[in-house]
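Below you will find one chain, with nothing else, as structure tokens; this is the form predicted on its own, and questions on how it binds or moves follow later.
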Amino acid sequence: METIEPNAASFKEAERTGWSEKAPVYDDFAGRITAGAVGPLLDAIGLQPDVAFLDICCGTGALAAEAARRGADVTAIDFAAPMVAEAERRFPGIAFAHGDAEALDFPDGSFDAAACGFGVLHLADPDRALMEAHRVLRSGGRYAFTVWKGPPDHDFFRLVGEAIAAHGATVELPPAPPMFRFADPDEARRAMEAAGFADVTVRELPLVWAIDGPRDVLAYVEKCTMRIAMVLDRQTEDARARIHAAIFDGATAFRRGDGYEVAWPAILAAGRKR
């Protein structure tokens, strides 16, 4: 099979560029799914009114907004400036700022609680990010993160992975951690404990994406993926067309009665700073 070489951009740079470009349409696709994890994330950290809460990798601000609605004193950061701008537009009055999850610009012990909704899997050094979250928490503070499960349990990643394997060329991407590393509950627990968290719990969230039809799956590939988009960008035009056709055909299996539903399970890990 043909191998296609990567471009010069680092994984972190590619992620930042990609999310910067896709910020305006995030809530039309991924945001409809990630919304289902907002409540469970805040429940996992036992968020109370008047606590200082940090939303790491805040995206367009849904988690921060719910934390503020629950009465927390919210600070939210993201490394993609257009995501921050979109969050500010949607939720004026919340303190959104540009920030790096791997190098948080806050003193030790600044927050009572923190969370990262689906950001860890996009980081070049997720272990550093977990340690940074631990550092900025006060003693007894709680932290939680969510990531996607991988195939075979996750309908979207299974379908897209099979389509690329059957019709695409092997490509080389910028070096990055395994995308589904923390989809393994034991690995999620181990990483949290290595970062210093105690009383770690890991559970599955059985999220579902309700869509109008197979074209929504193709649109998600284009508008709300990073690594998959990088793989497809490096394909020939013919290979990319075959992959798209296989995804569309496979997505017809998601019909449920009068609509379509895609199983989109996630993993939620939570712990406490001693």
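As the structure is a prediction and not an experimental result, all values here were calculated from the model. Numbering starts at 1 and runs along the sequence shown.
Another form, the form predicted together with a small molecule, is not on view; read the next lines as being about it.
Checklist entry - Even though the small molecule is not shown here, does W264 get within 4.5 Å of it in the predicted complex, heavy atoms only? => result No, no contact at 4.5 Å.
Checklist entry - With the cut-off set at 4.5 Å between non-hydrogen atoms, does P151 touch the small molecule in the predicted complex? => result The answer is no: P151 has no heavy atom within 4.5 Å of the small molecule.
Item to check | Touches the small molecule in the predicted complex: C57 (any heavy atom, 4.5 Å) | outcome: Yes.
Next on the checklist: Considering non-hydrogen atoms and a 4.5 Å limit, does the small molecule approach P185 in the predicted complex?
Outcome noted: Close contact is absent here: in the predicted complex, P185 is far from the small molecule, nothing within 4.5 Å, heavy atoms only.
Next on the checklist: Just to be sure I understand the contacts: of G117, P126, G168, G141, which is the one whose heavy atoms reach within 4.5 angstroms of the small molecule in the predicted complex?
Outcome noted: Looking at G117, P126, G168, G141 one by one, just G117 meets the 4.5 Å heavy-atom criterion.
Item to check | Contact residue in the predicted complex, from A72, I77, A87, V136 (heavy atom within 4.5 Å of the small molecule) | outcome: In short, I77.
Item to check | Candidate stretches 189 to 197, 173 to 181, 100 to 108, 158 to 166, one within 4.5 Å of the small molecule in the predicted complex by heavy atom | outcome: Stretch 100 to 108 is the one.
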